[in-house]
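This document starts with one chain, in the form predicted alone, laid out as structure tokens.
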């Protein structure tokens, strides 16, 4: 068999397997998420006007089992909080040639409440849309004169989890107009583009089939308001670009790199699909 024919058959087989993998439908549950008995989360709301074909958006928490949901209800049970506490210590620790810590400029981390809700965002200084990870590294390099962290490494993911934790309950409100619009359009194009041998897009799972079962997993809408997220699958905190990378690889495609312009654009678009949901990070998922 010629190589081209073999590749064509592999693609056809992959598509057939993917089609068979989607099982019975199971709607998101009606459970209410209140963290620590005081932080009430919006896990269901009207879809933003820019979304097409979707009337209501749901947090991924609503698609998880009762056992998984329970981990997120109390910080004592949420495994993510171990790394949040680690980041809290780093926040107070001076680093770099400038001998500064995060708190040298921002005082208590509580002063950062609301920051996670608006990123990614346009930066006039950078002349582009930047993510919160990029802003953290900018502070490290420019103000602390310290080394940049690996984009999706443990130190960075812990710090983003800390910043998310002080914004919990606040509505995601990512701006997509003005100078950010072209990046948003790029992200939208990536979201609907079919990748890899399986020829699947983000939308195939998270828009066309959310609520369905794929093997043993209950497909959500792919909202990222809960990132960073602790996954029971790999027992660690996961960054959003690491999750994007995994999804692209699942289509049997060569993936983009964390922090790449493509993933920054995709994050802006996907974040905007969750406008109105609460910041939940650090969350717990399968």
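Because the structure is predicted, anything quoted here is derived from the model rather than measured. Numbering follows the first chain given and starts at 1.
FYI, the form predicted together with heme C isn't displayed, but the following is about it.
Chemist: Taking heme C in the predicted bound form as the reference, which of 112, 202, 81, 132 has a non-hydrogen atom within 4.5 Å?
Modeler: Looking at 112, 202, 81, 132 one by one, just 202 meets the 4.5 Å heavy-atom criterion.
Chemist: Exactly one of 43, 251, 255, 69 has a non-hydrogen atom within 4.5 Å of heme C in the predicted bound form; which residue is it?
Modeler: Looking at 43, 251, 255, 69 one by one, just 251 meets the 4.5 Å heavy-atom criterion.
Chemist: For the chain seen here without its partner, which of 206-214, 102-110, 132-140, 155-163 has a heavy atom within 4.5 Å of heme C in the predicted bound form?
Modeler: That would be stretch 206-214.
Chemist: Applying a 4.5 Å heavy atom distance criterion, does residue 265 contact heme C in the predicted bound form?
Modeler: Although heme C is absent here, residue 265 would stay clear of it in the predicted bound form, with no heavy atoms inside 4.5 Å.
Chemist: Give a yes or no for residue 242: in the predicted bound form, does one of its heavy atoms lie within 4.5 Å of a heavy atom belonging to heme C?
Modeler: Contact check for residue 242: no, nothing within 4.5 Å of heme C in the predicted bound form.
Chemist: If you check in the predicted bound form, is residue 28 within 4.5 Å of heme C, heavy atoms only?
Modeler: No - in the predicted bound form, heavy atoms of residue 28 and heme C never come within 4.5 Å of each other.
Chemist: Is the gap between residue 271 and heme C in the predicted bound form 4.5 Å or less for some heavy atom pair?
Modeler: Output for residue 271 is no: heavy atoms all beyond 4.5 Å of heme C.
Chemist: Using a 4.5 Å cut-off on heavy atoms, what residues in 45-63 are near heme C in the predicted bound form?
Modeler: Stretch hits: a single one, 60.
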